[in-house]
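Given next, in structure tokens, is a single chain: the form predicted on its own.
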């Protein structure tokens, strides 16, 4: 199946619904190229005859958790991912959405979730980017569903601007990172919660104001790997207007008040 680039339809869906599910964003050949690239990197850590990316991940996790973490940290610099995330058609789409001639890559990375659900994200919006506004791309390498977990969105939350974020744990437990921002339950509980089921190779394109989170994996034999990127337009970037502003906007700033001359 060919992916259909209809920028007008995609842009309308993002603006109306806050997100758009782009079917077959990665074709089978591209998807396999990405998987093989990640497998090769894992196999470099400890070579064996295991050919499954999922099985290989669990083997490396058992072998050395620190090196498994180093693999994760290196993955965001893998140029195989970049060539798909930064294709001419994708950049053109973002430029048309924001009516800009310049687009920045804010935070490309992969997310890896296994049955431990250690790194499951609480409800939040995309902050800590170059610009106030942005589009998040979220694409799973394997099907996401009730058993494998996936992406949760909060319907129409993108229509209400940015909400305050906090670093404290919502359940009182120790957080897996000190930079883990989340939104208070009293805010996101007002919106309808929808667990998206996204097929492997499809991509969710989402406005950064949309409240979203992860929902847990239940299958101990599965692995959820998603590719993400944050596209920022040359609009509302404090760093280029204020010589005291940091490159990325801290979550503590009131995003709703950022309205710089374009």
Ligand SMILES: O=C(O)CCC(=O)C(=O)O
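This one's a predicted model, so the numbers in the text were calculated from it and none came from an experiment. Positions refer to the first chain, counted from 1.
One more form of this protein, predicted together with the ligand, exists but is not displayed; see below.
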- Task: Tell me, please, which stretch of 193-201, 220-228, 62-70, 40-48 lies within 4.5 angstroms of the ligand in the model of the complex when heavy atoms are compared?
- Result: 220-228
- Task: Note which of 136, 81, 93, 183 lies within 4.5 Å of the ligand in the model of the complex, where distance is taken over heavy atoms; exactly one does.
- Result: 136
- Query: Even though the ligand is not shown here, does residue 113 get within 4.5 Å of it in the model of the complex, heavy atoms only?
  - Reply: yes
- Query: Does residue 151 reach the ligand in the model of the complex if we count a contact as any heavy atom within 4.5 Å?
  - Reply: yes
- Message: Using a 4.5 angstroms cut-off on non-hydrogen atoms, would residue 124 count as touching the ligand in the model of the complex?
- Response: yes
- Task: Note that the ligand is not shown here; using its position in the model of the complex, name the residues of 12-37 with a heavy atom within 4.5 Å of it, in sequence order.
- Result: none
